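Consider the single chain below, provided in structure tokens and representing the form predicted on its own.
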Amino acid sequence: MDAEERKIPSHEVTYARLRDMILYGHLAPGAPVTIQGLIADLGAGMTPVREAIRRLTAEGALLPQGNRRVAVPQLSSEMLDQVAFARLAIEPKLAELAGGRLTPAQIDRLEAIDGKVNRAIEAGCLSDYLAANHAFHFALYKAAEAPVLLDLARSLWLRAGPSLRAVIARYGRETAPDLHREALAAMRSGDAKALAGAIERDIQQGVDHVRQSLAESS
């Protein structure tokens, strides 16, 4: 294929950009945004933006608000219980599968990504933290070579990520969950079970912060 044939379709680029805006905290849960505003922010046409909204609505990451507006849904305690159950079942398994496949070069890359996580926390940059934290987890999960579980994990992060953004924005950077050093140590030692345990605790810590925030808000 030539370069033009390899070009990613514009609707896929628009979908990926809007998905990242949700994942990385650019759209606050419960705050409606207009479709015209998204068109301007994304630098895309009406058709690809509407298609991206349609897909993300089907994935549970956006809710139509009427009057040409959409919003990232606010996570209820009941929905949090379901998301937490699924994440704690799927993501530690991905980590365990990845643990037996990681190469030294992949571990080095994960350590470099974790450095970005730490720098974002120190700088108090919420969007950079969320982006780097997502990159760390999914660089690990991709190494599992388990595409069905990977797709499920991606869908769950679209539902869980925005609420973590709200928690950190409310309580400060000390709430940012990060047990990555434990995970990296388990990778270096080749202990897949320990790696799964570190990821499980990392997820649980984030879930606990979100649950606390929901309880205080109610």
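What we label the rigid core is the largest C-alpha set whose atoms superpose within 1.5 Å from one form to the other. A residue's number is simply how far along the shown sequence it sits, counting from 1. Just so we're clear, the structure is a prediction, and the values are computed from it rather than from any experiment.
Unshown form predicted together with the DNA; subsequent notes refer to it.
Student: Does any heavy atom of Gly45 come within 4.5 Å of a heavy atom of the DNA in the model of the complex?
Tutor: So Gly45 counts as contacting the DNA.
Student: Is there any non-hydrogen atom of Ser189 lying within 4.5 Å of the DNA in the model of the complex?
Tutor: Answer no; every heavy atom of Ser189 is more than 4.5 Å from the DNA in the model of the complex.
Student: So, in the model of the complex, is Thr34 in contact with the DNA at a 4.5 angstroms heavy atom limit?
Tutor: Judged by the heavy-atom cut-off of 4.5 Å, Thr34 is in contact with the DNA in the model of the complex.
Student: Would you please decide whether Ser10 lies within 4.5 angstroms of the DNA in the model of the complex, comparing each non-hydrogen atom pair?
Tutor: Yes, Ser10 sits close enough to the DNA in the model of the complex that at least one of its heavy atoms falls within 4.5 Å.
Student: Since exactly one of Arg69, His26, Arg55, Arg154 fits, which has a heavy atom within 4.5 Å of the DNA in the model of the complex?
Tutor: By the 4.5 Å criterion, the partner-contacting residue is Arg69.
Student: Spot the stretch among 154-162, 34-42, 189-197, 55-63 with residues whose non-hydrogen atoms come within 4.5 Å of the DNA in the model of the complex.
Tutor: Among the listed stretches, the partner-contacting one is 34-42.
Student: Using a rigid core superposition, assess whether Ala71 undergoes a CA shift of 2 Å or more between this form and the one not shown.
Tutor: Shift of 2 Å or more: yes.
Student: Answer with closer or farther for the CA-CA spacing of Met79 and Gly66 in the model of the complex compared to the shown form; it moves by 3 Å or more.
Tutor: Here the pair is farther apart than in the model of the complex; there, closer.
Student: Closer or farther: how do the Cα atoms of Val83 and Gly66 compare in the model of the complex versus the shown form, where the change is at least 3 Å?
Tutor: They are closer; the C-alpha distance drops by 3 Å or more in the model of the complex.
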